[in-house]
Structures are given as structure tokens and as C-alpha cells.
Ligand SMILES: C[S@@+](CC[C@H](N)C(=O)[O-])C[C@H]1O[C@@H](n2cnc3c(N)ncnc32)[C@H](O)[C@@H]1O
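So this first bit is one chain, no partners, the form predicted on its own, shown in C-alpha cells.
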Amino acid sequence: MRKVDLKVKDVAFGGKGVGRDNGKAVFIPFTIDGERISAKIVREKKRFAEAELVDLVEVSPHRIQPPCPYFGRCGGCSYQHIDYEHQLALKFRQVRDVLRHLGKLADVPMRPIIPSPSSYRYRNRITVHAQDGVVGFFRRESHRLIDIEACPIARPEVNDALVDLRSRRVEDGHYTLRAGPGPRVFSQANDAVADALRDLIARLIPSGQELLVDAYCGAGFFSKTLLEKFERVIGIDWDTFAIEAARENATTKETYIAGDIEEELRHALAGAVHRTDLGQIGVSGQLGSTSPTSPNKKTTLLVDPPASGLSAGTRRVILDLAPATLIYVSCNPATLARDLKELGDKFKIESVTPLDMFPQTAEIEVVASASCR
């Protein structure tokens, strides 16, 4: 393994510092832009290389001592060595640059990043793994476990549950530990930032909208808090357990449908044009499929897809049956950039807002709002 001396020019999405060796990009974890380092190349490809930090020659003023004894070995956190203000600056820049380079968006209408009120002790759940008496997380870039007594980014109640789990003889497997009771469906892991996310979306919805179509709605976190802004709400998700949870306390304004996102979204947006179709939406979740003859001028579409983003078919549905307003919640700036690029023919991006849902990690939440051209 050869050694190289590098100047770290930037920190890429994913958390690794970026330097250059004879013009080739070199990615080095646990480094900060502006630092000069010595590193050893561990993997070399045709267009880039990966390296491990050997020595810090010039140290960034943003470098701090990580409080977690497992940092650097555990695969969860990437940024505990960076002060929180600089973490926010890096994530803002990463979102902007990904949208510029992958999304080909020349002028990204960025809004300031929304920080987490707590940069530690914020996670309301964690998933740990047990194998051969070891209870903890996977090591960095490995399927081997590291024994974890407590996780500093988890809430105290979660760590109490971890202590209880470790005190028992448990079978090999995966265990999700939560701060409190609730339906076992997807929910945001940082309650305070989830509330900020919900409030942001409420502000982004223009006045005069009649229908909200909430795709990937889960148990209705957004739908139920936005009811007063719409005459009607349709939530769609493939997860039948989440839809059952959403239906438990649904009002007459709400319809929740379990099924294929692409198919049900097409039905919902097509039916939105005709009030007769809206009248046919029943508790069973069956929708009409009449083709529209005019744009969906009073419809807002909210999408919160998994990290893989929108499928090609779902993007085609959105282009074919364009709603007046599109709000896209993303946990992956790269797939967000891809999707916005394709939707750009029909939609003008009004704002892009990063939120730091997961401090100390490389993860970024982003909300993009767009209007139909």
C-alpha cells in the first residue's frame, strides 16, 4: 500500500474527505476540508482511489475530540470529529453541489439548513444486532459486530432499553429499541426535526388547494397534520400495516390506500380533475381512473420515497398528470437530483431546504418544493 500526502479540498456526500493525487480523486474518511494529511491508499480504481488516514499534518480548526468511544470503528457516525456548525455547512454545500452536478440545476434556490436542536441524544430508536453473545452495531465497512454499551446519539430511554437487552440472554438477530410505545411502522427518528419538517411543509403549501395526495404516506404523519389546508386528503403506501394505522383515527376527509404507488397515484391524480371522481372515493380506497382534461390546478402532491427515489413509472405519472404543487421529501440528495432533473420540463423548483435529521452522521434530509409550469 503506497502512502500519499494530500490536501483535503472538500468533504463529499457520504462523509469522506476528498483530495487529489496526480489528478485522481482520493476519498479519505474522518478528514476535514482544509487539512493536510498523510494517508495510505487501500483501494485504487481507474478514476478514483480510497485511502485511510495515517497522520494529520495540518489540523482543521473545526476538528474536535469525538465523545463516543466507538467512533471510527462503529459504522454509524461519520462526523463526530467535526464541530456541529461546520457539519451543517458541509451538508448544505453537499446538497447544493449534488443538485448542480447530478441534477444539472444551474441556479439552485437553496434555503438555510434547519439544524437539530440536539446534536446528541436525539434518536428515538436504534436497531442493534446480536450474534454469539455480542450486542451492538456493525463495524465500519464490515459485517462484523462491535459490542456497544450505549449510543450517544440515542435518547436516554433508548439506551435504557439497550442496557435491559444486554442484561438478558438473547437469540441472534436484530432488535429495534424505541423511546416509547407506538405503531411499528416507519417514522422519523428525530422528533424535533420531524416537527420542523412538518411545519416547513405546511408553510410551503400555497393557499386555495383542495386535494392533498400524500404518496409514501406511512401512518399519515404529514396527511393528518395538514388536514385543515385541504378539503380532501388521499394517502398512498405499499405498507398495509402503516395504512391500517392511518385508518384507525381517520376523519371523513381522509382516504388511505394500500397498494402500488405508481398505479394508485395515477388513479388519484386523474380523479382529482373531476369532482365526480372525487365523490366516488370510498372508505375502501377504490378510486376512479377517468383521464383528466385539464391540469390539477388545486392539487398538491407530497412524495416521501425511500432512498432509491421515485421509480421511472412514478415520474412518468407525475409528468402526465402534473399537480399544481409538488413537495418532495428526500433522504438521498443524489436520487432527488435525478428525479428533479427529469421532472424539470413540467415543474419549476421554488425552494430547496436541507434539514439535519441525523447529526454526527452523513445522512441528510431535504425538502424541495416546485410548481407546475
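The first residue of the sequence shown is number 1, and the count goes up from there. What you are looking at is a predicted structure, and each value in this text was computed from that prediction instead of being measured.
Form predicted in complex with this ligand: not shown, discussed below.
Student: If you check in the model of the complex, is Ala268 within 4.5 Å of this ligand, heavy atoms only?
Tutor: Ala268: no contact with this ligand in the model of the complex.
Student: Look up in the model of the complex whether Phe230 has a non-hydrogen atom within 4.5 angstroms of this ligand, and give yes or no.
Tutor: Judged by the heavy-atom cut-off of 4.5 Å, Phe230 is well away from this ligand in the model of the complex.
Student: Is there a heavy atom of Pro29 no more than 4.5 Å from a heavy atom of this ligand in the model of the complex?
Tutor: No.
Student: With a 4.5 Å heavy atom cut-off, would you call Ile261 a contact of this ligand in the model of the complex?
Tutor: Heavy-atom contact with this ligand at 4.5 Å: present for Ile261.
Student: Would you kindly say which of Phe222, Phe92, Phe71, Tyr84 lies with a heavy atom within 4.5 Å of this ligand in the model of the complex?
Tutor: The residue in contact is Phe222.
Student: Exactly one residue in Gln188, Thr255, Gln80, Asn296 has a non-hydrogen atom within 4.5 Å of this ligand in the model of the complex; which is it?
Tutor: Checking each option against this ligand in the model of the complex, the one that comes within 4.5 Å is Gln188.
Student: Which single stretch, out of 139-147, 205-213, 169-177, 235-243, brings residue heavy atoms within 4.5 Å of this ligand in the model of the complex?
Tutor: It is the stretch 235-243.
Student: Taking this ligand as it sits in the model of the complex, which residues of 299-322 have a non-hydrogen atom within 4.5 Å of it? Please list them.
Tutor: Asp304, Pro305, Pro306, in sequence order.
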